[in-house]
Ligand SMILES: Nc1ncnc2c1ncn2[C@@H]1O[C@H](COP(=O)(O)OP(=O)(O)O)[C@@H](O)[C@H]1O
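Single chain ahead, by itself, as structure tokens, in the form predicted on its own.
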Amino acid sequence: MGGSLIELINVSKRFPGVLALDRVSMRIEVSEVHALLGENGAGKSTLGKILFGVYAPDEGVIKVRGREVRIPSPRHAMKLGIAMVSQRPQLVEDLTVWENLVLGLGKDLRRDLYRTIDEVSRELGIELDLDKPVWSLSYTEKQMVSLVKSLAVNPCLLIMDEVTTYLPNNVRSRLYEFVKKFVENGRSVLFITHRIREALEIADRVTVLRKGRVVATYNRGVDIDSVRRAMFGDRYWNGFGTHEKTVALGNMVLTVSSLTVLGDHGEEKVRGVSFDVREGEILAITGIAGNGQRELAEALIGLRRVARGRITFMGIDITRYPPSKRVSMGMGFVPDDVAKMSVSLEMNVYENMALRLGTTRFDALAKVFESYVHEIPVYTPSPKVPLKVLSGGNLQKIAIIKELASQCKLLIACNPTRMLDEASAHRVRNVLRNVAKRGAVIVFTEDVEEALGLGTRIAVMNRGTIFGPYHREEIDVAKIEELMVS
């Protein structure tokens, strides 16, 4: 370490009805990866946005290299050498990659842009077509553009706010290595995450936030149980939890026969897939992102047309049914991106639930919501505030609760725990097991351990085809990983 780069002293931030940060003090050293860890709604992103000038602190002091500073805007932050990469890429969709990269850059910075692009492309193993419009890129490619744009200002501090949430495992591993190399030349990274293992893998030091307060800072080598206790306090728990060894299966809920589904550009993304799901069952479908999982899930709920094949739900051919009809028959859906496809950010909890449940009796909706937050705690100043003020993890929980409240017969859930901290993910998995006791669940997950711990049967998607489904005792991590890349 080479001395203090950034220091926060008693920084507080309030929003209507909530104290997001409560007298936070922490220090980021030169040449370190400093992880900021906390459960959903702990205040992590708020702290990152204060350092990047998106929010102004209500109280406290910020120092850069020992000098007290004000950071009134992101532009001012970048002049101080602070850049930020967010979970959701902040790009102009209608512009090309190159136009997004040079937007706001001076001529002196543009000269080094090709070198930065080449460096990031080489390290992450992803080639960028600079002439392509951003809207046509995958999420991973958009995140790479965001990373290059942040690096173009030659920052001394790079804030990475939950940037790995939607990245496939192979790109995530390469990004970890990139971050470690980045800090070798006197630069630093504030790595914001809700994943404990990720923080321990990548960071030189870890600061834990709980309910807006710093509760601990650890050096590399700390044991995971100590971090869990700091992160969750009295709600500390241990282990994934496992499904019942024996499951009584009932009637057939869903049958998929020789299904072919096209992608966004007319290519076959799902190729002749067949499987079925019975009452009492959780079918876990895993695989590397981009192998047809999203297209299959959207076809099952009716958001994407089927090119060939058949979908049968409760004995009825629903292949050509619209989503509204499928939902009315008892299907539920938690999409991969709930902020885009599941909830309205301008509405509050009750209004979002009213849209799903078809009632405006807010007293009844309040009772329903309260009955589920005991199982899946949602941290919000009030159920009556717009969802746009909540963390991504809490949006995920509300999207899940909304579907649970519908008492659906079949729940299709895409990466339902990916945005959640460890304790919240544990609770959601238990809730999904309970759903399967009265119906059936299909979970699309890129987490192999989750697939094995949650599924009564496990299938692997690779290049649009399905291997399996296999019963849990027939498959292990090594076999799944072999099928994922075969």
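On a predicted model such as this, the values are computed, not experimentally measured, just so you know. One-based numbering along the sequence shown.
The discussion below concerns the form predicted in complex with the named molecule, not included here.
- The listed set Val460, Ala440, Val443, Ala42 contains one residue whose heavy atoms approach the named molecule in the model of the complex to within 4.5 Å, identified as Ala42.
- Shown without its partner, this chain lists Thr207, Ser391, Gln143, Asn352 as candidates; in the model of the complex, only Ser391 has a non-hydrogen atom within 4.5 angstroms of the named molecule.
- Looking at 406-414, 373-381, 74-82, 285-293, the stretch with residues near the named molecule in the model of the complex, meaning non-hydrogen atoms within 4.5 angstroms, turns out to be 373-381.
- Contact between Tyr470 and the named molecule in the model of the complex is not found at the 4.5 Å heavy atom cutoff.
- At a distance threshold of 4.5 angstroms between non-hydrogen atoms, Val24 is out of contact with the named molecule in the model of the complex.
- Interface membership of Ile475, defined by any non-hydrogen atom within 4.5 Å of the named molecule in the model of the complex, is ruled out.
- Looking at Val11, you'd find every heavy atom of it more than 4.5 angstroms from the named molecule in the model of the complex.
- Taking the named molecule as it sits in the model of the complex, the stretch 288-320 never comes within 4.5 angstroms of it through any non-hydrogen atom.
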